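Shown here is one chain on its own, the form predicted on its own, set out as structure tokens.
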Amino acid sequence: MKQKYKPRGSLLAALDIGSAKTACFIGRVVDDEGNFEVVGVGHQASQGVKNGTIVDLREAEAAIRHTVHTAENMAADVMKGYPLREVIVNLPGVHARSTGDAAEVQIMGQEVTDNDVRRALVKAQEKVIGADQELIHTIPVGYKIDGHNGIREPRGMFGQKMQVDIHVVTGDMNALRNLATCIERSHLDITAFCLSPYAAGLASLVEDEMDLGCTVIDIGGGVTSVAVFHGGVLIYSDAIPVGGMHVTSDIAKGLTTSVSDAERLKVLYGSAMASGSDESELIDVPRLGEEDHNEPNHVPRSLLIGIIQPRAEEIFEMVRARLSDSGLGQMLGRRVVLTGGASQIPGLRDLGQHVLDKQVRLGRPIRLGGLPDAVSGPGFATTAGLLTYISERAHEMPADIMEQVEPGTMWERTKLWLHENW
């Protein structure tokens, strides 16, 4: 399907609204293929968002405005005084539904065209849409012509009937409205939504991983999202409302310290795997509610790790159960890529390998130019992937598919309708 690229020099922003942080990358199109370089970056701790859900519109809006303003200031030379207008926004996995379906259209012995593929996709979209759901992605995962399986590219082939197997991602209408309200109050137009773990995968996977089968586990502050790639496309997604903030909360309760001190201890001394020296290494834990920090409160590091490891194991076990229930079997592949801010806890990769029995690596954005070092880690994979999505996968946006379908003459439409419905 022909991709409509934005003209060279166009600006577009990626807005990643997470439970732990809100981030914005401003990208400029650098070539005729629609590729971006990053010219502006902004990020700050999230407000008004809990476990992927907006719980305070005003606080969330303030965080978005501040983040976008920071990115605009960095890109001031490029923007030449014009404010940002268009953004592509992440959809948290907890508000998405992943569905597989198929639709068949008549070709009547003719050559398969772009429009035939679009007709099939539109027909499949119409089968899965619900009143409380909004279409986010329509992804063709395979084709069948006259009963012949395994066709990846049907255009130019001949046949009587073509079937398209699709993966559709829909979003919860109310969650999307709340997101849209925050963004539109900041005087921004939403170009598209993109599922968070899908964006993280597009940013951090190499082509062979996408092709042979790979699972992205995006461990954010309040949500752990899963995206499975196979044959170069997204074939499954899911999410659980548990993330790095739950680890921090466990530490705060277990060591009787403040949440901010628990976060600091997690970052400085945390690990998901125990080692022999943990018992003898002491760490200073500030006591909750005590202002006098002159009296040290030393506890063994093993106590901290003993709190982190069970929660991290629980996250991987929940993901393993979801993947097992998906019925994808061999298509899951042997590779797992971890992204998200919480994926950087030392030892998490080794623990993941142990629980999931797969090869695990840490993923970071690899497809964007101009990315400053400070935002080039796993925590910014989703933000970077939003720009990659609009550059490489915009043809999966349902509105674009609907818009470009050409129904033909009245007689052709009637003939198609009769063939497809009788």
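Source: prediction; values computed, not measured. The first residue of the sequence shown is number 1, and the count goes up from there.
Omitted from view is the form predicted in complex with a small molecule, to which the following refers.
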| item | value |
| --- | --- |
| is_contact(Gln344, the small molecule) in the model of the complex, heavy atom dist at most 4.5 Å | yes |
| Contact of Val267 with the small molecule in the model of the complex (heavy atom, 4.5 Å) | yes |
| The small molecule contact at Gly222 in the model of the complex, heavy atom, 4.5 Å | yes |
| Non-hydrogen atom contact Glu263 with the small molecule in the model of the complex at 4.5 angstroms | yes |
| Contact residue in the model of the complex, chosen from Met245, Val87, Ile139, Ala71 - any heavy atom within 4.5 Å of the small molecule | Met245 |
| Candidate stretches 214-222, 281-289, 128-136, 165-173, one within 4.5 Å of the small molecule in the model of the complex by heavy atom | 214-222 |
